[in-house]
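Here we start with a single chain on its own, the form predicted on its own, put down as structure tokens.
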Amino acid sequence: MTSSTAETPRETTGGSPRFPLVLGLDTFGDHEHDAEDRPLSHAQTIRNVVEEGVLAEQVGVDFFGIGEHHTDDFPMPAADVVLAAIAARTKRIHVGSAVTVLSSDDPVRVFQRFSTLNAISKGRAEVVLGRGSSIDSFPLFGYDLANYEELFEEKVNLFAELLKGGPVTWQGNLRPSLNNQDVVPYTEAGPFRTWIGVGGSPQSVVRAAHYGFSLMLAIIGGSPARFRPFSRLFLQALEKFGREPLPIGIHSPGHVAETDEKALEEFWPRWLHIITKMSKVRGFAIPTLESFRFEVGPQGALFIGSPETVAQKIAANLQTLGANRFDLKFGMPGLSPDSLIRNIELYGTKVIPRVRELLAESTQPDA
């Protein structure tokens, strides 16, 4: 079984020679503010995300992803609904989750929602499955955090069975079993691309390989180069399980503006605010301007700056990690719609062509 027919292996100038280079954008539906720094309604933020997804296709972005969240800062609990609205107004761009918290959801319903999205988009749907580094959904839906690991393992196992198609017979401990159960809608051209989001667990890397899912490296802090062993482990595990190589992606936060200075000025206060707020529940270290500048630099995990600065960093990390895909997690609670629109425009019209150019240059033989 393969996890998708959405990407056909071919020669490319990306970090992996086996798959096409994919350059995407992700959002968590970050709560937007107007030009006077007044919060917009959740409803307006959601409507804005639809327009941002449509714009992403217009400027040449390959993929638009929305991550599931359940807070005032990220009012995006039903990403698949928003993705369907984008899919209905686009023709080329792939759409999918930029993570779906499978542990606190039902695999059958997730499969049905994304197979429906796949139908609406005519085969452009993808899903990234995750355990949930943000755990707001667990108390909301009545799941016990004591079962954190077991919930994800069991539900991934069921999801893999659902992707095979046909009636499903499956037995679990935390979710009711299925006996020769038909699950609709059927997909038209094989299963949609499925990824496992990994933030630092080797076990998750091996799990992705075991089920034949692609690997999405979620890098939000520290040097991206430290994830290089995960790329190697993934390829080794695929070989051990008798599977062909699969795509490797990178998901990291960032912001593009006309100049490095403008990008830093727009992003820094919003980053400081949200990380300080999240430190109370997730144990994050409160950033200083010095630590922030390190993360923005060549060795850090934030892709912030002018189009040239961001493109250089993306190209370098695709090669370092042997990846063929990069998704820029754009936006931050409090940023304005105008700054997000400009980010998308610059990413699509300036960053993406420059990344492709840099990677093509890197493959040219020395004169």
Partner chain sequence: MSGSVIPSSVRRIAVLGAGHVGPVIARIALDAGFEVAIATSGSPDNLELITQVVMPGVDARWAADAVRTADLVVLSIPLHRFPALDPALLAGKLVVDAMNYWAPADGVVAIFQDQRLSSSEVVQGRLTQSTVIKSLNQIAYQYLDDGRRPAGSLDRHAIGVAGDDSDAANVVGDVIDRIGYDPVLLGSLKAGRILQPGGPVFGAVFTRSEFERAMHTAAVQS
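Numbering follows the first chain given and starts at 1. Keep in mind that what you see is a predicted model, and the values were worked out from it rather than measured.
Just so you know, the form predicted together with the partner chain exists too; it's not on screen, but the next bit is about it.
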Original post:
in the predicted complex, do H33, A78 and E153 all put a heavy atom within 4.5 Å of the partner chain?
Top reply: no
Original post:
the partner chain isn't shown here, but in the predicted complex which of L289, A88, A189, V281 has a heavy atom within 4.5 Å of it?
Top reply: V281
Subject >> Candidate from T71, Q171, S201, T259 lying within 4.5 Å of the partner chain in the predicted complex - any heavy atom >> reply: S201
Subject >> Which of 178 to 186, 100 to 108, 247 to 255, 227 to 235 lines the interface with the partner chain in the predicted complex (heavy atom within 4.5 Å) >> reply: 227 to 235
Original post:
Looking in the predicted complex, any heavy atom of S223 within 4.5 Å of the partner chain?
Top reply: yes
Original post:
Any chance R293 has a heavy atom within 4.5 Å of the partner chain in the predicted complex?
Top reply: no
Original post:
Going by a heavy atom distance of 4.5 Å, is R124 a contact of the partner chain in the predicted complex?
Top reply: no
Original post:
For L145, is any heavy atom within 4.5 Å of the partner chain in the predicted complex, or not?
Top reply: yes
